[in-house]
Ligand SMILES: C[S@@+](CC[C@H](N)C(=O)[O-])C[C@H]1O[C@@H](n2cnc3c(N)ncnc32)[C@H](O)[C@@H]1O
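One chain is shown next in structure tokens, namely the form predicted alone.
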Amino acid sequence: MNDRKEIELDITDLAFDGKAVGHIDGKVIFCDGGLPGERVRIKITRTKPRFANARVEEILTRCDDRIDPVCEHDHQCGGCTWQDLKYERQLQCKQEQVAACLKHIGGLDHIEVADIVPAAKQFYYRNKMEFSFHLTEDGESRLGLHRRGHFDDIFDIHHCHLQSEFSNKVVKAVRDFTAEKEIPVYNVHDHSGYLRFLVVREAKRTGQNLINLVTARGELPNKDEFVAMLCEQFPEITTIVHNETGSKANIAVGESETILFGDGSIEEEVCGLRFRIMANSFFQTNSDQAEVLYNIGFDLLKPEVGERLLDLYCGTGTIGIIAASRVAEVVGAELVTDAIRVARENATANNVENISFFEGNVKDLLKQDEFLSGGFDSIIIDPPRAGLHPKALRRMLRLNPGKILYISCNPATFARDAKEIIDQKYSIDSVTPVDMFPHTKHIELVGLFTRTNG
């Protein structure tokens, strides 16, 4: 097997990262393209002792679950992995992947995986999209999304079906303006240039919109013209901000921010409360499904009026503020300074007085007496994809809470952490996957750990 060989392969499964899976002589083959039940002709692109990577050159036999994607960019975009797969089958695959992670990573095949909760909206559901600037070898300026499998190749997006038509029009307007004004585009290889990202945030329930232009360090050329163009073409824009960064990391986060129009924030409604969102704030990307996810979590947790609740990785305070009316007191912890500031503002705006927020790394806060004073009856954790830091996990378990509600965006790290939690005298009966991101590989889930008497 080598990188020049073309062979036929039967696709049997979909991997956790969205790739199609087949087997040849006991070796796992991960393919870009192909669906379970299909026979394909592939070209091997890389080989390792236990697996190989390949791309599908031709589909020889189509499966019954294959459909025609609605998006013109489906063949090249790295965003929607499964738009050519029936939605019902997408849900089934995600549920199976959660079960596989629990079994193979955590050794927890006794945990029931409840039926995955489907999304009411399968398109135009995202409230945030990040678009990248790119300069081709021919000097052509682009603004769009990453070509599948490439961190350094961007194609011009004309119509993305995950956000809104408003967003698509904004991308085109910014692309045309920056190209016309010949504003230099950032190069991810030599780190020259200026324009890096365009981020569009839409509050689906309030109709407010935030435009964030992320650049390298320096004054924005044609700043006044840029703002005037956007405000004239899109009167529905609430605020425009400019974020500057000197970091070489290819992420759309600024180190300093200038408000160009409006007050620099928008507001979204979840569970009957209103939350402020800024350019660099974390907020669940699907507003409708976030409400579904939180309600499932609270139904599991069953918080009681007299309890003290600890909200770890609280972000801008959404979960803790929603929970505050159900308990005696909430304490939130978050590393990001701006997020803590906005969390406090959100609590004030919603007249929530029984919540306090601490800024710092969770693993460090969990050993500070001031933070831990009074103890906690229940803990809610919603960590990043990497899951809980080992020290944070150990220190959290030393608090000996009666209940731990774990919200996860990564079934693999959830399974890893779940094993450790269960080993420390906790039990969990089931987890519930929630499909926050139709047509993509991403999976959200929620589960409740209860302290045993053993």
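Being a predicted model, the structure only gives us computed values, none of them experimental. Residue positions are given as counts along the sequence shown, with the first one as 1.
Not pictured, yet referred to below: the form predicted together with this ligand.
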Whether residue 262 contacts this ligand in the predicted bound form should be assessed with a 4.5 Å heavy atom distance threshold; does it? no
Spell out, yes or no, whether the shortest heavy atom distance between residue 361 and this ligand in the predicted bound form is within 4.5 Å. yes
Distance check, residue 82 to this ligand in the predicted bound form, heavy atom within 4.5 Å: no
Within 4.5 Å, heavy atoms only: does residue 284 come near this ligand in the predicted bound form? yes
Report the residue, out of 105, 292, 229, 335, that has at least one non-hydrogen atom within 4.5 angstroms of this ligand in the predicted bound form. 335
Answer option from 382, 268, 244, 307, heavy atom within 4.5 Å of this ligand in the predicted bound form: 382
Heavy atoms within 4.5 Å of this ligand in the predicted bound form: which stretch in 96 to 104, 276 to 284, 252 to 260, 148 to 156 meets that? 276 to 284
In sequence order, the residues of 295 to 334 that place a heavy atom within 4.5 Å of this ligand in the predicted bound form are 313, 314, 315, 318, 319, 334
